[in-house]
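Take a look at this single chain in structure tokens; it is the form predicted on its own.
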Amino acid sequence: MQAKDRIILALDVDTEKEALALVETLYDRVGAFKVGMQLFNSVGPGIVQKINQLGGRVFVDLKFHDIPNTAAAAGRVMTRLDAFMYNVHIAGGREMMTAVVKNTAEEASRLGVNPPAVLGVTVLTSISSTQLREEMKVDKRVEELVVEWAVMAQECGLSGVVASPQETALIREACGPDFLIVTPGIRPGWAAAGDQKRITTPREALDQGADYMVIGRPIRQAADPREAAARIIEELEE
């Protein structure tokens, strides 16, 4: 995999015009584009197909967490939209994850296409161990829970997980080399941390075993987004 293919640009913008302008500017500097709740809820599912038409691949980041039947139906929709990957909350449980994987595969077979990769969200990068214990009443360290959930997701047939780069090495050890790890919370040394607590640099994430890294503001808000992406690619290639 080339260094640029590891970069997923977060299209955390409000309008289709802004999103497609970024795709047109950066389609050859990044591997995929993340469409999250902000953009998807602003402009609708058609944005996925429009990005595909411009040559981009799409990671639909809506974090499905519902009863098995509802989450599975959403997985079928993601397959029809030709998403490259999409995610569900592992906290939804085994039955939900198994149903999602099964229905995604069935829909892809019906359409004669490759199924999107289904990723499990472990613990959000904005959550600390203190918050986990005091607010969510989970008496485990973040690292312990992340690894346990990653193993469960793998057992349910998911392609990989979304997890903090600080847990990447632990997940890689527990789940092996073929399990995808997508890491948000990536900040180059020259960029501000923002509101994410468990962060690391692109090179550190790669060295720890990440397959893909989601990067937003350091590229999107740069004076020259192409130059910012090039700096990250150079860092990854060093």
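Please read these numbers as outputs of a predicted model, since none were measured by experiment. Residue numbers here begin at 1 and follow the sequence given.
This next part talks about the form predicted in complex with ligand C5P, which is not shown.
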| query | finding |
| --- | --- |
| Contact at Leu26, Arg29 and Gly56 by ligand C5P in the predicted bound form, all three, heavy atom at most 4.5 Å | no |
| Sole residue of Asn103, Gln166, Ser159, Thr125 within 4.5 Å of ligand C5P in the predicted bound form, by heavy atom | Thr125 |
| Heavy atom of Arg226 within 4.5 Å of ligand C5P in the predicted bound form | no |
| is_contact(Pro184, ligand C5P) in the predicted bound form, heavy atom dist at most 4.5 Å | yes |
| Heavy atom of Asp12 within 4.5 Å of ligand C5P in the predicted bound form | yes |
| Close approach of Val214 to ligand C5P in the predicted bound form, 4.5 Å, heavy atom | yes |
| Residues of stretch 25-54 in contact with ligand C5P in the predicted bound form (4.5 Å, non-hydrogen atom) | Lys34 |
